Ligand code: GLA
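For reference, the chain that follows is the form predicted alone, supplied as structure tokens.
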């Protein structure tokens, strides 16, 4: 997308002064529903994401157009009125970032126009919303120069989701997108926000995404209910640092109390998933992809049986992968309730694996999934 083409979509005659931003999506290799418990997770930024073309304005108007929602036309709002309005659709995430950044101390003295184009499946669990948020973050940093580092911008994005959009997400999505690195997964501490990088050996594995074509919906879903259950378990156990910081032997003795409160299975998933993340990162670092694959299967089973966030379509797509030769590991990824799976496959069998998984899934559900390979990418940054 050229500056001139983006300007034309916005109804802007002059493309002068524009710049472009790249913001990836993210996939979590292992460690779902433990980021908001202060745990370690293992995501990577993707080579799919959002391109934002931005044109500063001299007045106080914010205008936006998305090629992914072209029928919506151009949205607009004033800097003096960035409050949440459900009628704004996708543009809500732009306004959420502006509103939250201003509340965090950013001084904005002019408006802008933003043109978005992305290739992340909407509602697929690959963080399309966080990708937009971090694209806006880069644009705001470029225009207004507050000197905020990527981690601070990630925190602004999380706060925008929590307080403005109303989704009680953890920090993983925004931080992985802000601090991604080409060729690397991120062993991320969601409490300290420390990021350590783990090479993904491209000679041994290719990461293949499977889209169930069953979009997930977070704001009105059971996501917030699951998070509330984890919070209740934390209170029962007195785990001030977060549930994911506990070991199995620290929670087993409280099983009766946790069961009485209806939160035992959520607790067991959180603690066991944390152990799997640590083991998977160590295995990936030394090239033991078979162990990573085994841990991915255990992770999906825990998310299915204990956390209950998989559902018919995710289970069917993961089962199809488990039955397909050339698959090293497969699991749901993201918040669940639909969306995507992540698969580690042998690099010389990617096409055959994709066809095999799709055929098995279609036979089970009547739906043809979308299958595509991805690679670890750099984080959000200004392109030109």
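Residue numbers count along the first chain shown, from 1. What you see is a predicted model; the values in this text were computed from it and never measured.
One more form of this protein exists, namely the form predicted together with ligand GLA; it is left out here, but the text below deals with it.
- Picking from 316-324, 32-40, 45-53, 351-359 the stretch near ligand GLA in the predicted bound form, with a 4.5 Å limit on heavy atoms, gives 32-40.
- Screening 171, 101, 114, 296 for any heavy atom within 4.5 Å of ligand GLA in the predicted bound form leaves a single hit, 171.
- Screening 27, 344, 62, 335 for any heavy atom within 4.5 Å of ligand GLA in the predicted bound form leaves a single hit, 335.
- None of the heavy atoms of residue 197 is located within 4.5 Å of ligand GLA in the predicted bound form.
- The closest non-hydrogen atom of residue 148 lies beyond 4.5 Å of ligand GLA in the predicted bound form.
- Interface membership of residue 90, defined by any non-hydrogen atom within 4.5 Å of ligand GLA in the predicted bound form, is ruled out.
- By the criterion of a heavy atom within 4.5 Å, residue 164 is excluded from the residues contacting ligand GLA in the predicted bound form.
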